[in-house]
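This document starts with one chain, in the form predicted alone, laid out as structure tokens.
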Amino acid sequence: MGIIPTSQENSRTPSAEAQQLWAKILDTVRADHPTIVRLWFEDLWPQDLDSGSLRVRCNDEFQRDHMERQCGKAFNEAARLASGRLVHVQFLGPNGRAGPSTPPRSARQLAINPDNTFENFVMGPGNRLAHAAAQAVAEEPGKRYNPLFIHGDVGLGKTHLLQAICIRIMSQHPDWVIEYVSCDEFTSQFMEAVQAGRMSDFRHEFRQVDMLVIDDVHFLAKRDRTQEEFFHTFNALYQTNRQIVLSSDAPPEDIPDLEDRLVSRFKWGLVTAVEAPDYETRIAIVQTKARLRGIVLGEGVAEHVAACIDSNIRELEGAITNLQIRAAVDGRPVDLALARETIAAPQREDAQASATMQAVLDAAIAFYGVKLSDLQAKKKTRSIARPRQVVMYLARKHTRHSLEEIGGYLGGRDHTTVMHGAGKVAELITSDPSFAAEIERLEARIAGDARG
């Protein structure tokens, strides 16, 4: 794996035919395969058209590898449609070569998505420390936070940070050797090496690297022989100041059946968590993911998606894909109407959604000592605004009313105000235990009213 610094210099100016064909291919791909389109496709340029092959230059090797791996079939189909001939699209690196200048040490390394840069990572309260630590490692590998251990649930950005480190380091140190594999792949290669009697090759591959990056290291659990080998690999790299970066779904001490000596070593550097994004961060994530795809979002779309999906980033990205496909099929803009048709708020369980709006209002009025007229008025004082936002949150969670209907009960407020208010309460619940207990008492009161 290596990156050669970008150069826009070409020995030949692309012909008018090559430029025109490339423009038609891009238009065809946008129409027929909208979900693979990225904004940086505009930065690719045709080098030449020769013997039925259109050679297209990429800005770095990550882009070239991504185009070959994820987009090759779509672009070749588009080339045949656009030209009416059997034209093949060949993607080149910035050095003008079709393949890496130095073959990767492992053909089974994880692929790196060129979108997963630090610049495209959206920071929020739940990932700020992990982002800062990852950047520090990328700037001074082997010197700060070694190892770096990032943990969190699925789809919260761990892999993005790991790949951002790889991309940044390879841009600054193109001659470095980085081994980036999943824990399962490390285990598989280890077992194959044992069975084939090639342990010296295996150890050379993993111990003679400049940086080792292992995704999902929690899969070391209950694998005694692999843990033993990984322990020695870790020591060999650490003692020579080689950077180690690990991700897991749990902190080291919570990984079941992980040897104490590995738990201890994983804590030698920095252990940091990534948490579920809050409402404002989810809005920013939706906007960023859409921008990378060249999607223009109508007013309120990002807010609607962020309000409907509060679990993880992968589901947010999946929602954007659904919107993109629906818009392309129907020939419509990605506006709020389309978003409401495509992405609905998650269905609540009957037990949760059985409360009435009146029960929610009565509980909040009694608990906070406010009047209904206050909740419906335009007052923005904290003593009124907070109970109003709590009503928005509880109504979304425990009733079947739409955002517009909830806003109607609260003085005719629009759906974005309701989404924002409910999001603020959800954020406070995760950060303030006393407030979370307050909400629990309110929910118990609402549940009691629903039963009674």
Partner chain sequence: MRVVCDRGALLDAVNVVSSVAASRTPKPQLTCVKLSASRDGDAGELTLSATDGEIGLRLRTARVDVQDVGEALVPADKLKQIVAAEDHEPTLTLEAQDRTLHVKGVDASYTLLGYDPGDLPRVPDRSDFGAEGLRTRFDFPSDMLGDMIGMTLFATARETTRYAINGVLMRRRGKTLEMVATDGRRLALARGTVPGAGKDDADVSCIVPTKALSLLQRLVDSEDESVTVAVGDHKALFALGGGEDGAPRAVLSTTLVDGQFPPYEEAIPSDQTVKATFEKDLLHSAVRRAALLTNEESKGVRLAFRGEHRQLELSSHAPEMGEARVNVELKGYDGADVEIGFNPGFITDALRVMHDAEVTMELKDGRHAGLIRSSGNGFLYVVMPVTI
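Numbering follows the first chain given and starts at 1. C-alpha atoms forming the largest set that superposes within 1.5 Å between two forms make up the rigid core. A quick note: this is a predicted structure, and the numbers were derived from the prediction, not measured.
The form predicted together with its partner chain is left out here; the points below concern that form.
Asks: If you check in the predicted complex, is Gly331 within 4.5 Å of its partner chain, heavy atoms only?
Replies: Close contact is absent here: in the predicted complex, Gly331 is far from its partner chain, nothing within 4.5 Å, heavy atoms only.
Asks: Would you please decide whether Gly412 lies within 4.5 angstroms of its partner chain in the predicted complex, comparing each non-hydrogen atom pair?
Replies: No - in the predicted complex, heavy atoms of Gly412 and its partner chain never come within 4.5 Å of each other.
Asks: Taking its partner chain as it sits in the predicted complex, is Leu86 in contact with it (heavy atom to heavy atom, 4.5 Å or less)?
Replies: Answer yes; at least one heavy atom of Leu86 falls within 4.5 Å of its partner chain in the predicted complex.
Asks: Report yes if any heavy atom of Glu77 sits within 4.5 Å of a heavy atom of its partner chain in the predicted complex; otherwise report no.
Replies: Taking the distances in the predicted complex, the answer for Glu77 is yes, it comes within 4.5 Å of its partner chain.
Asks: Is it true that Glu17, Gly52 and Lys73 each have at least one non-hydrogen atom within 4.5 Å of its partner chain in the predicted complex?
Replies: Yes, because Glu17, Gly52 and Lys73 each have a heavy atom that approaches its partner chain to within 4.5 Å in the predicted complex.
Asks: Under a 4.5 angstroms heavy atom criterion, identify the one residue in Asn312, Thr187, Gln90, Ser171 near its partner chain in the predicted complex.
Replies: Among Asn312, Thr187, Gln90, Ser171, a heavy atom within 4.5 Å of its partner chain in the predicted complex occurs only for Gln90.
Asks: Work out which of Lys222, Arg128, Lys380, Arg261 lies within 4.5 Å of its partner chain in the predicted complex, going by heavy atoms.
Replies: Residue within 4.5 Å of the partner: Lys380.
Asks: Looking at heavy atoms inside 4.5 Å, which stretch does its partner chain contact in the predicted complex, given the options 252-260, 77-85, 197-205, 139-147?
Replies: Looking at the partner contacts, the answer comes out as 77-85.
Asks: Quick one: which residues from 412-427 get a non-hydrogen atom within 4.5 Å of its partner chain in the predicted complex?
Replies: Residues within 4.5 Å: none.
Asks: Does Asp43 move appreciably between the shown form and the other one, meaning a CA displacement of 2 Å or more on the superposed rigid core?
Replies: Comparing the forms between the shown form and the other one, which are aligned on their rigid core, Asp43 does not shift its C-alpha by 2 Å or more.
Asks: Is the C-alpha displacement of Asp414 equal to or greater than 2 Å between the shown form and the other one once the rigid core has been superposed?
Replies: Yes; that C-alpha moves by at least 2 Å between the shown form and the other one.
Asks: Hey, does His66 budge by 2 Å or more at the Cα between the shown form and the other one once the core is superposed?
Replies: No, His66 moves less than 2 Å.
Asks: Relative to what is shown, are the Cα atoms of Ala377 and Asp278 closer or farther apart in the predicted complex, where the gap shifts by 3 Å or more?
Replies: Farther apart in the predicted complex, by 3 Å or more.
Asks: Indicate closer or farther: the Cα atoms of Arg413 and Ala302, in the predicted complex, relative to the displayed form, with a change of 3 Å or more.
Replies: Farther apart, which means the C-alphas of Arg413 and Ala302 are at least 3 Å more distant in the predicted complex.
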